[in-house]
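Here you'll find one protein chain in two forms, each presented separately as structure tokens under the names structure 1 and structure 2.
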Structure 1
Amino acid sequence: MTPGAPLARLALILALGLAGCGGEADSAIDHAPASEKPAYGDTFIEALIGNISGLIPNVLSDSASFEVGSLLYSGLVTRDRDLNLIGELAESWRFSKDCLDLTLHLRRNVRWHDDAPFTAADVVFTYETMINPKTPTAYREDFRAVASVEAVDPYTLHVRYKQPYAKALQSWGVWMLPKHVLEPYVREGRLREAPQNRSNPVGTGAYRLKEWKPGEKVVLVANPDYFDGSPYIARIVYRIIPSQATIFLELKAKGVDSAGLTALQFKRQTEYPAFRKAYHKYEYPANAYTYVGFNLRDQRFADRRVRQAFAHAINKREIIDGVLLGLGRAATGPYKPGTWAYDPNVKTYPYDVDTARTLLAEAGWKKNADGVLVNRHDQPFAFELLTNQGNDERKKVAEIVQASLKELGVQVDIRVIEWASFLKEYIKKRRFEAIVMGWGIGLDPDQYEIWHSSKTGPDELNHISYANPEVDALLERGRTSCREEERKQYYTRLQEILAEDQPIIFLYFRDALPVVSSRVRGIVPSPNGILYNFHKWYVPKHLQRYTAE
């Protein structure tokens, strides 16, 4: 879930904007002098709009926690600049021809942050943690597909699947957990209460935690024993700044080195020489979409005609042009245009107020003499639309939705809530009528965790309580095939149903618009965005601003 969400570590992307790169990115590549060598040192200051919710990302679901967690922990596999799966803690693997047996060979030079060796026993422990019913995780399904996991020796792992599983290899990109530290907490079902989720996390990642002051900052320091070599940047400070406007002021004052811009900031407020000298701007389609979601347990929204009416009443082009200044594209479903699973031919909902009124009338809602939409009991159609604090873009979207539905006679009250409270008290507890939020999507089209009817629990991701038996069957079939052309048939039908049902109103896929201080070198835009090689970024000695503490 983005402030933006996850479908696991490889989806990071939910959130970090993994996608094809273009626009200003090419012109922003830093051409360092050939004689310039990478240097160690300096501090990189990053702005986070939301506080992290913990330090063990396997049991969390917010993008801020994922961003920090992915520097503390590692998976067996990851993605390279061209989105190919490559080894991280695994150095090689072999699949059987029937797609049922996976053998992984682990690196032998990996140590946990407390200097204990990383072995196959930790992988088995991570698997057992993920399938343990006491573990409050939203990412269990990838591992329920496994029949058995065996540590053949300390550096060899054999995984047997119950049937072919499309995401078998990439699912092992999940964050590996240390058995010697967390085993008693998993056994007792207290992983979220483990001290390592609040302080002193033990991972294998490029950075270690130095300090976390909730609501203020998270400080990481380079791991000198990182298996791929100590990162060049010595320290990372994540400043929690719950306002895009304040973040922008900090950028202009050089109080942060990197942040995501709004469309207005990107196109109109950064086009002056001093800013362009201080920062490099990047633009590429993000792997995330924004939506209006409904609590489908509410009988008003359970009627598909109401959702379809609202879809017709909201002008997506107005939102894309007015809020994003054109830096985005309309969403017709949960897949990004241009990806292999995307179907461009599904039903769409052109802006049409008359059709919206007709659908609402069919659902039993008509305007009274005062122009208020009421049901047959003369009860007005009024609801609260929630979104998270600090995200000006979502607030503007909510205001456009409010104005659009007012034309139909629907009263919408907007409420903006601090991010951590929004997740814990409203989303997790399903205490909402409607929401404006975003989903980060993974590189694989499997979205079982979001749309399957079994995933409506408080620690799971089907927040809107959507249930459709055919969708359930399609999701189950799509993840048990190894053939892309066969999977595409299932996901095409899935999109057709979601387009008809409109369980949420899919609004748009926005562009990622990050800026990074121009003193930072080693950034190479790619189909995988810019963060894939963060531990290789560096600042030349003569440009370093901060000394180590």
Structure 2
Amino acid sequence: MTPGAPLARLALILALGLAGCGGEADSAIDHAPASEKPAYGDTFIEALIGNISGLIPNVLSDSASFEVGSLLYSGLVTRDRDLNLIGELAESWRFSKDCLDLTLHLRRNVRWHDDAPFTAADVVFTYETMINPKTPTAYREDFRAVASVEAVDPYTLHVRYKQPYAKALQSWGVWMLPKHVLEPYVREGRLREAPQNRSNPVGTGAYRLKEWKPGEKVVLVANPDYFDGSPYIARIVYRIIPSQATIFLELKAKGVDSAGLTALQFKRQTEYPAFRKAYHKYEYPANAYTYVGFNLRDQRFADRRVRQAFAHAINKREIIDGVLLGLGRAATGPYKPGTWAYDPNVKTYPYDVDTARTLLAEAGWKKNADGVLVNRHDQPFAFELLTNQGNDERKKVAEIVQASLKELGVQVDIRVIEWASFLKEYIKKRRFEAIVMGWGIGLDPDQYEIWHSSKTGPDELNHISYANPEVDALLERGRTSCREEERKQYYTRLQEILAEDQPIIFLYFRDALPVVSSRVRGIVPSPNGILYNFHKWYVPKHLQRYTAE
């Protein structure tokens, strides 16, 4: 989930996990000789491990649909290579002094894929769609802060907020939907059944849909009328290949041009000359971290010293090396190192079993003669660590955590549970003692939904039932301030408290590990990953492999 950053596409460009601080040494550095001028043409084949579930990403939540959607649609604003918000369909904008009024000026040369002009009426329509109670969207939250949206003229938009909202501008990165196509469907609450979602999406993006064969492939073709100029690569084929092993073999046989790799493949199976010649490898921290969470309603975990002791007893380095083969960064809090809100100076918990023992002893837990950690009443410290099926990484984390806590005399039983029942029966009902899970984080530091004490209901996201009045206040102030320097102070303090409190043990930010065929040029690795400028990628004429009809 993208806490509080429902702004689908920003989080989602990361679908491939391609966000972060520049690649390491072996990323492709673009050195185009004069002979390799940008050229139109060729087909780019990308392997997707999961099916796409529809063509209107505003009502979807799977990463494959977002990736495809980000090429079909555009928003008013987007993020550039350095993660700054820049105009996309909006040319410029202005906030009032009190941050309550936002005026956006739209580009005048934008056309929908069916040639209708894109105007402010479409923006108003998109807003109305997002707040319509009949629209099954998970990204409504951002628009609840809006008091009114009004088209001043076809190319000027005026938005009024009830109170200052930190994510006001970012939220207008939402994918714009065509009013002239979708209006009746939204009114009847049948948006998902519209041809727009199944066969004929009308967007303003750089690519148009040519064909979607469920479970098999999605084919996009360049949109010659794209407002920023026709993209170079003429055709994109997303092939759905559910097996990671097969994807890798297809890469070897040059059946696909791009795919995300596993750490094992990246580290141990691609270090030979033929592969390095055919593909460029990229490596950035993804916008997601993995953690061990505790149910704070459980008396044992409610004691901060116990959580701190566990943080000392779990060796993050060992986990990163063991699970990711080193391809990840230790997390000290909920923000990614290198982003503006991140504070490097918080309290850390170096691996130290003795300190852990001391802290546990203070909390009343001591090892007995059999080496079992017990309290005053001789009850052993034993708990169940749950995680979801389908994520091998988390399973391995659980296994290492189990072995580490065994050193302290704590008995951990692992249970891996199928996703839908895991959510419904264990997470939502709070029927767990501890979990290994991950959070996908947005590009805005607002994490109200995760940490605020009001968000502990069954369908809400503060699963661990964390409640800290100071944190609540900081979160409230952080999301209602529109000045970055001010917000930074709040979030620095938030990180200090979370580091001290350890409501969860922050483990690591995994690296995203995509590879792209080396014949593709124009890729510039950046803190925002590589995909942000896809429409500028090209294959020099003499290297083009496919002729698209």
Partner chain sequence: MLGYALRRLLLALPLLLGITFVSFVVIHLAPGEPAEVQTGDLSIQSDAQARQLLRETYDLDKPLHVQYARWLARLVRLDFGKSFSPDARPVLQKIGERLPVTLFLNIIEMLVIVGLAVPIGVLSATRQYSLFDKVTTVFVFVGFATPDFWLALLLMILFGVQLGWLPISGLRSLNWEYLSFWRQQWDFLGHLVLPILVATFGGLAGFSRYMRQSMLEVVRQDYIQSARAKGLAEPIVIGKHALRNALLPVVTILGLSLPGLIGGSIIVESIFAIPGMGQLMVQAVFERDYPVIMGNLVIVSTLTLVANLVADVTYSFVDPRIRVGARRGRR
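Residue indices: 1-based, along structure 1. All values derive from a computational prediction rather than experimental measurement. Only the largest set of C-alpha atoms that superpose within 1.5 Å between the two forms is called the rigid core.
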TODO: Look at both copies of the chain and name the one that is the form predicted together with the partner chain.
DONE: 2
- [ ] Could you let me know the angle, in degrees, that the smaller of the two rigid parts turns against the larger between the two structures?
- [x] 28
- [ ] Just grab the Cα shift of Val292 between the two structures for me, core aligned, in angstrom.
- [x] 7.8
